[in-house]
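A lone chain, given as structure tokens: the form predicted on its own.
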Amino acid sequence: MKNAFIGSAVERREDLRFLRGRGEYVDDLRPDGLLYAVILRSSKAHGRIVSIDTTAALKVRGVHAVITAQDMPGGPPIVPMRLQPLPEFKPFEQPVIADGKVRYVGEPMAVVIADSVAIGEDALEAIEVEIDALPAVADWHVAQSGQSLLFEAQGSNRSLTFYAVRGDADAAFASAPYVRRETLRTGRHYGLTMEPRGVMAQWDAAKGRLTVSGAAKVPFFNRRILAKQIGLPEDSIEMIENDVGGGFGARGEFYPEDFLIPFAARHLNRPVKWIEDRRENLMAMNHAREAEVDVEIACERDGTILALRGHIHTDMGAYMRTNGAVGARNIAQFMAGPYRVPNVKLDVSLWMTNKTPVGTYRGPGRFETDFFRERLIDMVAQDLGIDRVALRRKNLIARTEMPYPIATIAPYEHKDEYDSGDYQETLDRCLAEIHWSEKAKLQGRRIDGRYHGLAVGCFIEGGAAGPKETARLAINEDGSISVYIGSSAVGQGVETVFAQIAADALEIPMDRIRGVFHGSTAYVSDGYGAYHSRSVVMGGSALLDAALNFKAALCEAAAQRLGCAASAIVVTEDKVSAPGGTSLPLSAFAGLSREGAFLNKKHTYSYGAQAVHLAVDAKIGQVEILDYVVVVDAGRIINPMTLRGQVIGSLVQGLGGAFLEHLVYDEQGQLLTGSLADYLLPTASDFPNLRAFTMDRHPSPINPLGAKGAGEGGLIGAGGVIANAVANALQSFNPDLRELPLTPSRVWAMTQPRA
């Protein structure tokens, strides 16, 4: 009987050490001779640096160095783009430390290395900085005006415009019997992690070797960047992935500190550690989500969608760095979502402003564009007098249309298609689970002083970014098996799911898999990390290839020692056997190891539907979720328990973005939400009534596991569904609902008479 760990709700292996307090984070590391780094950050949003005088700071007892741009021969290195590395972005990339100009509050200007953080902070106070202030570019409207330029040599604050095209949208609009045009906005927020960022670097001068702890998400790529910047061969740098208190797309990208701390360690030949405090985290880690659209939809009178057309404006902050363009690109390419939209013409302008640079945050661009699209669909349904569910059902892409090509994005000329699925199934299941037909009579009704609202929406989630992932299997001295993987762990449970995949591939019990080792650059020859919901698809498929290579090598080695053909060898959970009954324990082959890889240029697409029943207290603008249902089809499911956790966790983040989270700047580019007293987050008691259902009816045809990425689906649809449900509840007030987040003050304002 074959193993069946894949598909089983196996409890997470990694949780026990966390529950017992045995996780090891960067701040737990304290090697001998450790020094601490603190960073002087700009308090001005925009200005020219006249001088940075570190004389007094260097005299503070316990200070070992103060590093500025002047200490870097040839000038500070630049943080490059990791994804979409287009030449247009080059002039807008960030130096690792301010050089001649500051462009956002929080930009590093100097690094103090001291015996303690407290001493370093005292030294920061002694650094004298003179900056000639320049007018701040506070939002994309100011950026568009060109009154103040972040990069004068470029002559514009627009770094690039992406174009998403399918069919002939202009022709469709010219003959369409119904058109609606709207302006919609999403607020700025980010993937706040429990553990702020941290880096520790150690330089071994005798061996010419640099060890960097605190790697996350994409350690191999970050090693390539650092090696080039610091002038070392890649194999002279080891990036170590410690436990991470959340990633969410932001943690683990290459930031200025990922160069500054290794540079300081090498400069002083001492271990150096930097741990971000929460204020730094709010002002310096990648932001996301801020976008505005001016979009039109064209339909037949029966609700058949003909075309989407419009302009999108995204606030990129002060610099283009690593993956900052992904969200903007995704807004345009995926605005049609899971619906059949034959004609698309969208452009998205990437505007530079004097704010913290942006990057990816779980469901980048998709959260924003789902709000835009789903809100627009409800408006269309109301205009045309069509039931909201019927309108969606009419336009959902059919199973028979798969694979379904979507809009092409340019520049970068990226073409894509949805791989498989039946979108009607998940919609039907969602409606049934929330009892839509019974609750429909509650729409807009006032019961016990609160207005009830319902909404439903459909979504897709992209996954499996290539081009490659690598895995390795090895036999330990006790005959157990170790798994090494190029994917990273950022809380998604990879140690458990990879053990399930390996156990099934080798047909051994899971307890024979001694450990799953991930992320660090010493484990496999190459790796690509954890982003774009890729770990299971890419890493798991690489693991299947490694298992084939491993079993072939083991059979060959056993055949030589047992005197038979490799094809005659039988491998069981703890031994290898030859005809005639002779055998050897697996421990006799300790050290045998084989690597495998999976190469892929296509994406998987999970999909699903969400529905909510909520109640609004119009007097105070308070919204309570009474029931929320998410249904996801994620192809072949490795572990339904961890998948459900991913869906619920991402949904809570989506609800935080829909109701609470908002990074606010004033007109001078000053961050006004610089603490968790101002930047509100969901708590455990805020959203208790959330339910998730997972389906595996339609495996992906593009990988041997049949799996699809599924770490973001709960979040993607939340903004649109919540907005439509609030509008539905307050329909008697004819609310002007075109912007997220729906804070209590905004909800209350919708119920007030308009001037």
Partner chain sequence: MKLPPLEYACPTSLSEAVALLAAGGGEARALAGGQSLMPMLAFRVVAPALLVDLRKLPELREIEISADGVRLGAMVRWRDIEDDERLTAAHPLLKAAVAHVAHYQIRNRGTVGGSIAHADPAAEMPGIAVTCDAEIAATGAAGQRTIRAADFFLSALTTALKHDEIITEIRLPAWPAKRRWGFREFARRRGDFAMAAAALFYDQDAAGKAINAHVGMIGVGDRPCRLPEVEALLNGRTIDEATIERAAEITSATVDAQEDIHASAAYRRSLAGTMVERALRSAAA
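Numbering follows the first chain given and starts at 1. Nothing here was measured: the structure is a model prediction, and the numbers come from that model.
What follows is about the form predicted together with the partner chain, which we do not show.
- Residue heavy atoms within 4.5 Å of the partner chain in the predicted complex occur in exactly one stretch of 118 to 126, 545 to 553, 394 to 402, 630 to 638, and that stretch is 118 to 126.
- Taken together, Leu660, Leu676 and Leu681 are fully in contact with the partner chain in the predicted complex: each brings a heavy atom within 4.5 Å.
- In the predicted complex, at least one heavy atom of Arg278 sits within 4.5 Å of a heavy atom of the partner chain.
- Looking at Gln144, you'd find every heavy atom of it more than 4.5 angstroms from the partner chain in the predicted complex.
- Taking the partner from the other structure, the partner chain in the predicted complex has no heavy atom within 4.5 Å of any heavy atom of Gln382.
- Shown alone here, Ser685 lies within 4.5 Å of the partner chain in the predicted complex, counting heavy atoms only.
- For the options Val179, Val664, Ala522, Ala171, the residue carrying a heavy atom within 4.5 angstroms of the partner chain in the predicted complex is Val664.
- Only one of Leu672, Leu86, Ala588, Ala133 comes within 4.5 Å of the partner chain in the predicted complex through a heavy atom, and that residue is Leu672.
- The partner is not shown here, but in the predicted complex the stretch 725 to 751 reaches within 4.5 angstroms of the partner chain through a heavy atom at Thr743, Pro744, Ser745, Trp748.
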